[in-house]
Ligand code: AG3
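One chain comes next, on its own, written as structure tokens: the form predicted on its own.
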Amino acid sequence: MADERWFSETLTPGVRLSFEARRVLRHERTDNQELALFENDVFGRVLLLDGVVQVTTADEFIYHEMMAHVPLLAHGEPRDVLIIGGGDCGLAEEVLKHSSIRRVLQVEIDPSVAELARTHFGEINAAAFADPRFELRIGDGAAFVRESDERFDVVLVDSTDPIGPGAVLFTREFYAGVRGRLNPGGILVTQNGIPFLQTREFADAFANLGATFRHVACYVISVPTYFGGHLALGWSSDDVAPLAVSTEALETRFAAAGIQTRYYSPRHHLAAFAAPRYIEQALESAVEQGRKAGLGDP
């Protein structure tokens, strides 16, 4: 068809993944990045930033459920949560499903992304915007954790990849700032890309986390639109080891929460930390490098 349009993800040099756009909803250069929003027959509404897939309405539940419920149920009684990035606000909606939450503060750098999400992604975020516990603040997340004196039980970094405005969110300085914002027993979870394709970025980030926190691990998920193998989510805490909570305790907490999920389960919660060996080896090496560098006080 003469009016067909295709958008390509170009995150990895030498590799291109293309999506047919049945209808283009937005395509523009914002103050921070190139933004493309379109409809695809397989993945629904698709958002790309700087040529990288951020979210699709078809498979967002996988990423958002695992980023939210793993740390929140491991914590046990989270009350205050900080989200850095996460402009589609689907993660905030998952967090707010927990009745123990009294406040979710989200700091998103690009107002265009937040406005677009509210207009076009209501099926995954309308409940968050209707919830008085939710506050969306437009600003620089790195500056916020550096300058704020607020404290949180869980911090979730739902960032773009370490390019453009998202690069600062993978640095030692940023992780040290987050550490200063955590309450005792606090947990940080980070988006750490596809280890198979982003080997150097994965190693650098976990070296910085290893230099900053006492307990560092990652758990993996499979999201169809994030191609190239497993997606890694980083786990960091000075107080809570990733496997310290039993399956029985997680099942009790999950049942009490009354949350309906499509991907998360207590058994999968723990199983996700059993990463393939190549990821496990890369993680161990990176964390050890960070410890030896003496960049922090883990």
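Computed from a predicted structure; not experimentally measured. One-based numbering along the sequence shown.
What comes next is about the form predicted together with the ligand, which is not displayed.
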Next on the checklist: To verify the annotation, which of these, Leu250, Val53, Ile259, Leu35, has a non-hydrogen atom within 4.5 Å of the ligand in the model of the complex?
Outcome noted: Val53
Checklist outcome for this item: Answer key, the ligand contact in the model of the complex at 4.5 Å (heavy atoms) among Leu169, Ile194, Ala128, Val216: the residue is Ile194
Checklist entry - Using 4.5 Å between non-hydrogen atoms, is Ser159 touching the ligand in the model of the complex? => result yes
Checklist entry - Heavy atom to heavy atom, is Tyr226 within 4.5 Å of the ligand in the model of the complex? => result yes
Next on the checklist: in the model of the complex, is there a heavy atom of the ligand that lies within 4.5 Å of any heavy atom of Ser112, even though the partner is absent here?
Outcome noted: no
Next on the checklist: Although the partner isn't part of this model, could you tell me whether Glu94 comes within 4.5 Å of the ligand in the model of the complex, counting any heavy atom of the residue?
Outcome noted: no
Item to check | Within 4.5 Å of the ligand in the model of the complex, all of Asp80, Thr212 and Trp235 (non-hydrogen atom) | outcome: no
Checklist outcome for this item: Here the chain appears without its partner; judged in the model of the complex, the stretch of 260 to 268, 23 to 31, 54 to 62, 242 to 250 with heavy atoms within 4.5 Å of the ligand is 54 to 62
